[in-house]
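Coming up is one lone chain in structure tokens, specifically the form predicted on its own.
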């Protein structure tokens, strides 16, 4: 998660039940004995961090995120547990100071990072030889309908003067390209696949404001942000559905 974007950690924690459900499925792909060191790469508000910690009664977690507000929520969730090390860092420049992990877990994060080769090199360097990574991020086609609606609204006044020509930070990858980057970064084996995972949020405006349109809103003055969110939601057919397409990644260092 790029360290240059701040998030509303409290809002994310409140509404991110569907993201937690997807993340728990990724966690299930890691065969853990309970004594490992595992990195939660892009830990967000700590929902998956807490579940990961519970899977490691004799191990420890390194929880990394680029958002200070997300980490505030994560600290509140895991408390002062000495088994959890919280790190505020950009994953694409991450340096754990010689600490190495047995495994890496990451959910809903890699697509916010523009430089995937740098990201994957840092993650590979953070793993012990033979270490495993189970990750999920936005893949090609992710939230395409939402972004189309946002692009239409972005061309209208008063938003156009702020969003004209802006392409956004997203990096939605295809499986073959991501696998090539994983192998080039030093991973020994890698498998990647696309999985459609649509979500119907209970409160679409808050979901859009906090998660899918947060990068758009950072380009707009505060007085236009709610207007933009409401205009995009209004362009979506009912029930408002976020058309997630996730890229599942399993790799061995």
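Residue numbers count along the first chain shown, from 1. Computed from a predicted structure; not experimentally measured.
If you look for the form predicted together with a small molecule, you will not find it shown, but the lines that follow are about it.
By the criterion of a heavy atom within 4.5 Å, residue 181 is excluded from the residues contacting the small molecule in the predicted bound form. Among heavy atoms of residue 19, some come within 4.5 Å of the small molecule in the predicted bound form.
The small molecule in the predicted bound form comes within 4.5 Å of no heavy atom belonging to residue 38. For residue 90, a non-hydrogen atom is located within 4.5 Å of the small molecule in the predicted bound form, even though that partner is not displayed.
Across the options 28-36, 201-209, 188-196, 65-73, residues that bring heavy atoms within 4.5 Å of the small molecule in the predicted bound form belong to 65-73. The partner is absent here, but in the predicted bound form a heavy atom of 108, alone among 120, 108, 133, 101, sits within 4.5 Å of the small molecule. Heavy atoms of every residue among 43, 48 and 113 are located within 4.5 Å of the small molecule in the predicted bound form.
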